[in-house]
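Here we start with a single chain on its own, the form predicted alone, put down as structure tokens.
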């Protein structure tokens, strides 16, 4: 299937590793020019080199903090100057730490809002007007299955990612007539460094071994296994494509059947 991504220009945030990297790789393999950002310069540069080598597509990269609105603005402007346009923006950031409500401080809430919600707003404010000029665009947020079914211990993620989902659903309505789709993609338990860290945190709190934590997650999933970043990235690439032009305002779980709701 030709996804119609050849020559498109895609921004992928927090793409030095994990789900962000997998998405950037998938879009590049589909023929898009890719621009990636993350905080760690060395890892980001190596990721850009790796993707460019394996895909043959040009990869632009810049180290920045996605909670810095001016840095995001400068990055998007630089991408447009380099490639001439912005077609696709995939928002992403690291997840906030696991904690209980009573142990979560006000500053933890503010940090989570900046990390998850405000970073999405910053990218949307910069990219949507540019897409609007071209009458074509794709804004895709990487959220979590927690927006459909809260995960015990992930108070901040459960709360603030729901706000990101509400933002995206509203933007989908506002920009649909401009040929722009806005969708959320909600990963379930996917084998990344983030999940390894979460398993270690639960292990330290409960006394269970990390492998026992992973086994308990796998028992929850009808597919009886964790997902891979590549499986997740394939869904994002479809949503970014020409083929998904009539699909907007959705929250799609990529979770092996973990979410049990009807919708």
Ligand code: NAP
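Because the structure is a prediction, the values reported are computed rather than measured. Numbering follows the first chain given and starts at 1.
Only in words, not in the display: the form predicted in complex with this ligand, which the text now covers.
- In the predicted bound form, at least one heavy atom of residue 193 sits within 4.5 Å of a heavy atom of this ligand.
- Residue 127 falls outside the set of residues with a heavy atom inside 4.5 Å of this ligand in the predicted bound form.
- For the chain shown alone, residue 27 is not a contact residue for this ligand in the predicted bound form, no non-hydrogen atom being within 4.5 angstroms.
- Using a 4.5 angstroms limit between non-hydrogen atoms, residue 205 is distant from this ligand in the predicted bound form.
- Using a 4.5 Å heavy atom cutoff, none of 218, 224 and 257 lies near this ligand in the predicted bound form.
- Picking from 141 to 149, 78 to 86, 170 to 178, 99 to 107 the stretch near this ligand in the predicted bound form, with a 4.5 Å limit on heavy atoms, gives 141 to 149.
- If you take 32 to 56 and check each residue for a heavy atom within 4.5 Å of this ligand in the predicted bound form, you get 38, 39, 40, in sequence order.
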